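Only one chain is included here, represented as structure tokens and corresponding to the form predicted alone.
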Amino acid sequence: MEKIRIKKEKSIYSLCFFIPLIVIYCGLFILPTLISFFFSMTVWNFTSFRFVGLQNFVDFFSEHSLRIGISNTFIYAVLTCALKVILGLALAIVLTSKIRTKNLVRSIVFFPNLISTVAVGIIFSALMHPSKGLFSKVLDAIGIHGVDLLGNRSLALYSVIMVDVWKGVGVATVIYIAGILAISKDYYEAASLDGTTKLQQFAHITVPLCRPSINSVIILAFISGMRTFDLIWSMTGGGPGFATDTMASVIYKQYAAGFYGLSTAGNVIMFVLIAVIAFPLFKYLTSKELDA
């Protein structure tokens, strides 16, 4: 009986630490999520609401800009994710080698991530100005004239993507560096004794043993790309036209116009869309990690 009493006391003691976490999680995530689902089915303002069922979702999907926004969102998420995965790994390989200035270069690579995204957007908007910007002057100097990186409908989205990659690749690089440094040098020494090349060591040792880091970068970069808003808004405002609109910017425009219920429905749709893609992707990557 004494053992049972002690076990119960330990259980209650542990629960006392667990309950505050549950309360905080429910208060900051579960409850707001449920409230969002409810208000997505209403027409509301800050004083009243009227239940309209699924009409907000019907209206949201009938938006012309939404179709462009969804397309742009996937293009943005896939390209930024792929570039961060590839460039981050390449930089991590270089920065874990025996170069003398690797600590300085690591700091330089990570530094853009410390700058406010809005500040980065404003700075690059000025750098990409069609007549006064540094990029335009460089292009003019090499004989490429009249290029408007942010005003051209065909180039604007990809210009923002390049800035996003420049800013975010540092995080991917740091994750990869941690993964590479955790690999025992014994594997490389044994492979060298067998006469393998650096490329073979990379393909058969570095990549397989860095799979957890690669998976983390893929998930984080993809979700970040799907949710992107601040960089696009500070650089282009979704323009020219709807050329750089994403789901988040479409939702913001609806909210700014006073369609609060419609924008809430958009947020719910974006949440569900990210969850439907991210969770199976995470499960698939984890299964590949275990197979390896």
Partner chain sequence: MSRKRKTILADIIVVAIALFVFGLPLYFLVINSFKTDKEARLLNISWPDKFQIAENFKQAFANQDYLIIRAFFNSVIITAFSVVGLIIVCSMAGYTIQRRNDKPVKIINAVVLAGLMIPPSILPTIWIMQSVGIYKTIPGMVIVEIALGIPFTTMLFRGYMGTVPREIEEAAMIDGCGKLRIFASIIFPLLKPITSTVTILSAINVFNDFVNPLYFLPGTKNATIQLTLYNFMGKFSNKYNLLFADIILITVPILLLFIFFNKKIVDGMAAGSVKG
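Numbering follows the first chain given and starts at 1. Here the rigid core means the biggest group of C-alpha atoms that line up within 1.5 Å when the two forms are laid on top of each other. As the structure is a computational prediction, the values presented were derived from the model and not from experiment.
Form predicted in complex with the partner chain: not shown, discussed below.
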Margin query: I need the one stretch from 141 to 149, 70 to 78, 187 to 195, 100 to 108 whose residues put non-hydrogen atoms within 4.5 angstroms of the partner chain in the model of the complex.
Written below: 100 to 108
Margin query: Using a 4.5 Å heavy atom cut-off, which residue among Val171, Leu89, Leu83, Ile161 comes into contact with the partner chain in the model of the complex?
Written below: Val171
Note to self: Test of understanding: in the model of the complex, would Val94 fall inside 4.5 Å of the partner chain by heavy atoms?
What the structure shows: yes
Check: Looking at the partner-bound form in the model of the complex, is Phe51 within 4.5 Å of the partner chain by any heavy atom?
Finding: no
Next item on the list: Although the partner chain is absent from this view, report whether Leu199 comes within 4.5 Å of it in the model of the complex, heavy atoms only.
Entry: no
Margin query: I'd like to check something about Asn56: if you look in the model of the complex, is any of its heavy atoms closer than or equal to 4.5 Å to a heavy atom of the partner chain?
Written below: no
Next item on the list: At a 4.5 angstroms cut-off on non-hydrogen atoms, which residues of 107 to 135 are near the partner chain in the model of the complex? List them in order.
Entry: Ser107, Ile108, Val109, Phe110, Phe111, Pro112, Asn113, Leu114, Ile115, Ser116, Val118, Ala119, Ile122, Ile123, Phe124, Ala126, Leu127, His129, Lys132, Leu134
Next item on the list: Return yes or no for Phe49: a CA shift of at least 2 Å between this form and the one not shown, with the rigid core superposed?
Entry: yes
Note to self: Does Pro20 shift between this form and the one not shown by 2 angstroms or more at the C-alpha, the core having been superposed?
What the structure shows: yes
